[in-house]
Structures are given as structure tokens and as C-alpha cells.
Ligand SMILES: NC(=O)c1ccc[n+]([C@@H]2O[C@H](COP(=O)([O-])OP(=O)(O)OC[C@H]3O[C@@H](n4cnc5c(N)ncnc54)[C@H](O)[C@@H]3O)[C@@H](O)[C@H]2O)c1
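Listed next as C-alpha cells is one chain, alone, in the form predicted alone.
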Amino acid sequence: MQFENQVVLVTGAGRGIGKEIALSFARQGADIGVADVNEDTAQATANEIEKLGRKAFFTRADVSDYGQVQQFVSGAMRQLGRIDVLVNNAGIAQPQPFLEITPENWENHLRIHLFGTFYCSQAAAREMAKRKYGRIVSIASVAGLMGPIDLAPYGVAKSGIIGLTRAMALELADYGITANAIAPGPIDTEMIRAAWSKEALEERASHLPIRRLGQTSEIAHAAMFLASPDSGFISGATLVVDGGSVAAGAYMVEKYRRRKAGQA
């Protein structure tokens, strides 16, 4: 029960990676503050947390709205009493070719991913600073480290989260707060299964050095590591959890060719 008596806030916790992160922390003894733009899924996650014997506070919150973020954090403080960990997970992905990107799509990505991460981190850090302890973990993406196809706003926003993480690591260190990011590769979630056919997912997996998609539990494990008391000397880092894709870079093209030719 590594997080017993701790309080963890998770945004975008209604499904996918965020839900798995919230439940994983609860299994390790934490009480959880759940925020999601969909109130029904937020409540469903909170119900599962309570079945695990932990306290749960949930609210519908659009993290791109400064006022709603303040209400989420203040509500969590009232209901749960403290904030030890914040996991910034809420996000969207709306593909568009670069020449067709609309101002609305561009702004939505920046506001939800980057503005939302800043709003939530600042609000939570103000409470953490009072106790001289805190862990901020933000979900970035390998798209913030490489050029994504048809996802320029997403990639730019995720790059911004990585930069914001470094800035927070410096400015919040005096308050006992660390800030780190996780950059997932393709993860097997409801979102990716809705966007890709089974055949396309199998083909996508073969383009990874570790020949499969990642699991939501693997991102949750990374989040718990960076949120643990044992990670106190790690701050400003981006942990890549992508099956080796970024490390392989362009060489993965040759690896894939050899696989197709039956050479590997």
C-alpha cells in the first residue's frame, strides 16, 4: 500500500489511461480526486474506487476552463483534505492534415493539453507548497518528441507539456515538489480501437521494436513510480514508455523491412 493516506488527483480519469491510473493508485491505498469532462464516466470511475475501499471525489471539469479547475481542486481539498499527487492526463486527439488544420482544432489542443496542465498544476502546487511536499506527473506523448502525422496541434501541445514540466521542476523544487512527464507510445485504449481497425492495429504493432501495443497498466506503473516518495531525486524528466520506438528512430524502417522479409 505504497500510497496509503495519500490523496491523488487525476484528470481525464473517466476512461482509458486516466481511469487505469486512478484505479491503480487506489489499489495502492490512495484516496482519489477524479475529474473528467464526462460526468457519467467520472462517477463510474469514482464508484469503482469506492468499491476498492478508498474515498473518491469526482466532478465534471473541463481542464481548459480556469474556473472549473479551481473548483475541482478546492472541492478535492474539502472532501479529501490534502493533495499529495497530481496526474495531468486529460487530453484530446483530433487528426487533421497540416494544410487543413482549423483555428478551432489548434486552439482546442493547446487549451486542453497545455493550458489545462498549467491550470491544474498551479492550483494543486499551491496546496502542495503549504505542506512542502508534492508530486506532479503529466502525460505527454512521443508525439511531443517526434513529428506526428496529421497531429501537429497534438504534438505541439505535448511538446509544451514537456517544456512546462522542466520549468515546474525548477520553480517548485524549493517547495518539495517534483514535476515529471511520461511520453507514451501507442497504447491499447478504447480511443485507439475506435479509430483503427483490428488489422491496422496489428500492423501498427509490428512497427514497434517491442512488437505489441502498450497497456494502460504500464503507463499507470510509470506514473506511480514518478509519484512515489522514492522518486524524490527525479524531477524535470520525461520518461518514454513506447516499446523502444523513439530509441529506434529511422532504423525501425529497416527492422520492419526485415520482419516482413522473414529475416527477424
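When you see a residue number, it is the position in the sequence shown, counting from 1. Since this is a predicted model, take the numbers as computed values, not measurements.
Separately, the form predicted together with this ligand exists; it is not shown, and the next lines address it.
Not displayed here, this ligand is kept clear of Thr178 by more than 4.5 Å at the level of heavy atoms in the predicted complex. Residue contact with this ligand in the predicted complex: Leu208 places no heavy atom within 4.5 Å of it. Interface membership of Ile139, defined by any non-hydrogen atom within 4.5 Å of this ligand in the predicted complex, is confirmed. Residue contact with this ligand in the predicted complex: Glu50 places no heavy atom within 4.5 Å of it.
From the list 125 to 133, 166 to 174, 105 to 113, 73 to 81, the contact stretch for this ligand in the predicted complex under a 4.5 Å heavy atom rule is 105 to 113.
Although this ligand is not shown here, in the predicted complex the stretch 77 to 92 places heavy atoms of Asn89, Ala90, Gly91, Ile92 within 4.5 Å of it, in sequence order.
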